[in-house]
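What follows is one chain in structure tokens, specifically the form predicted on its own.
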């Protein structure tokens, strides 16, 4: 489900329309463009909440926000890759899974 700017502001108490537009302008949030303006998905709304937490609660400086967002994006990307890898390993025959597990253990001990 896609949400308008106003819907996002209604869902996230800590964000104003001005602030949301500023963050979109800085590229910190990248909604798709619809006929009536930007449209936000669940990931965008989660990022808005994260930005509110970073700026308001953790007091992260504005110039540090892109660095934090980049690092978090990398972590989430790695998590997706690890989940896909885990699914691929789970689909292998039992003997192969055992060999992968043993190889993993030998690599992480050293």
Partner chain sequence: MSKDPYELLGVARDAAQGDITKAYRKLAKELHPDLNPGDAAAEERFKEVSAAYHLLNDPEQRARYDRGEIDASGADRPQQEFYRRYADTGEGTRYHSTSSFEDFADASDLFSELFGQQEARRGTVKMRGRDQHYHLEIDFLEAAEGAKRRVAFPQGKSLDLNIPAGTRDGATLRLKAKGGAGLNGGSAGDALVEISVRPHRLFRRDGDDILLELPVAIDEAVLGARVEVPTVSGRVAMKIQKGANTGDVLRLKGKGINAEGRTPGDQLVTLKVMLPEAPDAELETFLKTWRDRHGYDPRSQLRDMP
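Predicted model only: the values in this text are computed from it and were never measured. Residue numbers count along the first chain shown, from 1.
Separately, the form predicted in complex with its partner chain exists; it is not shown, and the next lines address it.
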property: is_contact(residue 65, its partner chain) in the model of the complex, heavy atom dist at most 4.5 Å; result: no
property: Residue 6: touches its partner chain in the model of the complex, heavy atom cutoff 4.5 angstroms; result: no
property: Interface membership of residue 104, its partner chain in the model of the complex, 4.5 Å heavy atom rule; result: no
property: Residues in 73-96 with any heavy atom within 4.5 Å of its partner chain in the model of the complex; result: 73, 74, 75, 76, 77, 78, 79, 80, 81, 83, 85
